[in-house]
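Here you get one chain, nothing else, as structure tokens; it is the form predicted on its own.
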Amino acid sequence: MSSLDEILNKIDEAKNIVILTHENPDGDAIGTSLALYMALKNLNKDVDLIIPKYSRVFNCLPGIENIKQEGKNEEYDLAISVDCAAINQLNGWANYFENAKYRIVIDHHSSNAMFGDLNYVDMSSPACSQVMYVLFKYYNWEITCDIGTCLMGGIITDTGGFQYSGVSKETFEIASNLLMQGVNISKLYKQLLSTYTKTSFELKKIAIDRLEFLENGKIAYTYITKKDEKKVNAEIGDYEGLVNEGRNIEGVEVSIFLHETDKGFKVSLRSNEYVNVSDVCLMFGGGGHIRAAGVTMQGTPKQIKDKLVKEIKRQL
């Protein structure tokens, strides 16, 4: 029996299910979670989707109103984690995952810790939403326009609008199929990648003004503090995508972006051609993909910058 069949069996057996994803969720995490939620509701399952905080840029996705900040059960029959590489990255509610009678992990990160009772991780997929699409097709579940919109939203955001190297022939075939299903891809692209809140634009100006070039222009570095966010009255997620500002500059191989949180500085790394930023982040307890990875680190922005640059230089 394949792991996909085992996943389906556990879903069939479960009466109540909780869906969880990583903290500071991006479009792939939100899109995958919403698509799975709607698919399970169509199977008449009792489902809770728990995401305490997320950016309002995702309010354009169907079903967003069904997200809850906390669950209603102490022990669910089944917990499903999506787009999350490790249990300590779950969004503040790892207890729902740990306390569930059975636990499933669906992901695409190469650094996944395989922390479920059953793990389905396709490291070749550019987005967890693409993994979820494959599951739905395998199960012959209906992919409605709303479900397709959420899946497409995840694919668009995690591939940077189809521009990253992980994009495959299958990615475009899925996009074509969802387009025929009625998904408005161009509208989604504009809403998720080309529309900024005023406060996110203010943060962008601060980050760009601080941008430094290191190692003969091969590394771009910048950061945002809590003080910066308070100054512009920033909201959750207003810092999303700022790491790409450095990567998009000619000659830059690695972009470093630090964002201050209650736990320290959340580090986002992006590379263009040859540096494996997942390996860099693994050195500090994080991980991700070859070209996109992250980790939370303690110290001042300069201390963290110096540690990261030292590791990145090994690959330059």
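Since this is a predicted model, take the numbers as computed values, not measurements. The numbering used is simple: start at 1 and walk along the sequence shown.
Not pictured, yet referred to below: the form predicted in complex with ligand AMP.
TODO: Check whether K10 has any heavy atom within 4.5 Å of a heavy atom of ligand AMP in the predicted complex, and answer yes or no.
DONE: Result no; K10 lies far from ligand AMP in the predicted complex.
- [ ] Determine whether any heavy atom of G288 comes within 4.5 Å of a heavy atom of ligand AMP in the predicted complex, and answer yes or no.
- [x] Yes, G288 is a contact residue.
Task: 4.5 Å heavy atom contact, K266 and ligand AMP in the predicted complex - done: Yes, K266 sits close enough to ligand AMP in the predicted complex that at least one of its heavy atoms falls within 4.5 Å.
Open item on the list: How about A85 - does it come within 4.5 Å of ligand AMP in the predicted complex, if we only consider non-hydrogen atoms?
Closed with: A85 belongs to the contact set for ligand AMP.
TODO: Name the stretch, out of 280 to 288, 33 to 41, 51 to 59, 64 to 72, where some heavy atom lies within 4.5 Å of ligand AMP in the predicted complex.
DONE: Stretch 280 to 288 is the one.
Task: Of I17, L20, A293, L308, the one that lies within 4.5 Å of ligand AMP in the predicted complex (heavy atoms) - done: Among I17, L20, A293, L308, a heavy atom within 4.5 Å of ligand AMP in the predicted complex occurs only for A293.
Open item on the list: Exactly one residue in S125, N119, T144, Q89 has a non-hydrogen atom within 4.5 Å of ligand AMP in the predicted complex; which is it?
Closed with: Checking each option against ligand AMP in the predicted complex, the one that comes within 4.5 Å is Q89.
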